[in-house]
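Let's start with one chain on its own, the form predicted on its own, as structure tokens.
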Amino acid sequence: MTATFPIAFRRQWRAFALSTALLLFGCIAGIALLRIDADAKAVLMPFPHLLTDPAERVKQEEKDRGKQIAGHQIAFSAYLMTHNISVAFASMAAGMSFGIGTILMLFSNGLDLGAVCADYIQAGQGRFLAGWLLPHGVVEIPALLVASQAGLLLASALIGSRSPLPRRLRLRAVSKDVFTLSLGAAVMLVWAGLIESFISQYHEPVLPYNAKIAFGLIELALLAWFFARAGRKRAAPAS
């Protein structure tokens, strides 16, 4: 898996690039909508607790010192894993709608992410936002993109505009990569769920924001290295 996953990722990098572009397009739309109409916040925010004023939430989180989640980290991380994996697999499976469902899910998630970022940055809480989202988000968001990469790969096989092969053979040709990418995304989301429960939900003074930001950036660098370099020695003889 440590070799086949990054190899499949690189082989199908165009689908990942398209997934990333669709998510970013949603982010830009979310930022723009919130800037144009502040009342859109009630519609754009994915969770009720994000409807509060960011400064008030930060104040309450820092005062709470993680007491709300203390003793429930395992249950909370299990919930996060189950929820996020179901979303990721739904995005992958939605590729069977000729990619329409996958595109809509990517745009929708980008819309939510953009709105949340815009709300906290406008309120002057960018450091809290980075310390909150980076530790788990640098793995969780790429995992969603990888699952959507698999969905777009399915869609491409279904459409097959440039392939003379029948649809059945096109789907068979991509089935191994779709499975590998989906499984890899699930493993990534297990890690993200643990990090979100045990690190992301603890804020200053319990965990310094700079330390959490640094941890997230290290994760991102390692993940980028893994996708770019892992499995190359194995792939070389095959090529």
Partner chain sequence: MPAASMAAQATRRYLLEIRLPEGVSFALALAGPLSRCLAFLVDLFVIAGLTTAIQQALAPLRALEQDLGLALIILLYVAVWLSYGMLSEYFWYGQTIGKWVLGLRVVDSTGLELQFHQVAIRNLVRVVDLFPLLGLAGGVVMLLNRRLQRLGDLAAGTVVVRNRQPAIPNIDALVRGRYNSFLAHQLPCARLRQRAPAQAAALAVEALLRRDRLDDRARVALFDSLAAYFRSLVEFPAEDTDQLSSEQYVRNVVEILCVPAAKPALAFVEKRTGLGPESA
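Positions refer to the first chain, counted from 1. Keep in mind that this is a model prediction, so the values were computed, not measured.
Same protein, other form: the form predicted in complex with the partner chain, not shown, and the subject of what follows.
Undergrad: Within a 4.5 Å heavy atom cut-off, is Y209 in contact with the partner chain in the predicted bound form?
TA: No, no contact at 4.5 Å.
Undergrad: Please check if S175 has a heavy atom lying within 4.5 Å of any heavy atom of the partner chain in the predicted bound form.
TA: Yes, S175 is a contact residue.
Undergrad: Check whether R127 has any heavy atom within 4.5 Å of a heavy atom of the partner chain in the predicted bound form, and answer yes or no.
TA: Flag for R127 set to no.
Undergrad: With heavy atoms only and a cut-off of 4.5 Å, decide whether W191 touches the partner chain in the predicted bound form.
TA: No, W191 is distant from the partner.
Undergrad: Based on heavy atom distances of at most 4.5 Å to the partner chain in the predicted bound form, which listed stretch, 141-149, 111-119, 128-136, 74-82, is the contact stretch?
TA: Going through the listed ranges, the match is 74-82.
Undergrad: Which pick from I199, I31, L44, L171 sits with a heavy atom within 4.5 Å of the partner chain in the predicted bound form?
TA: Selected residue: L171.
Undergrad: With the partner left out here, if you bring back the partner chain in the predicted bound form, are C27, M105 and F107 all within 4.5 Å of it by some heavy atom?
TA: Not a single residue of the candidate spot has a heavy atom within 4.5 Å of the partner chain in the predicted bound form.
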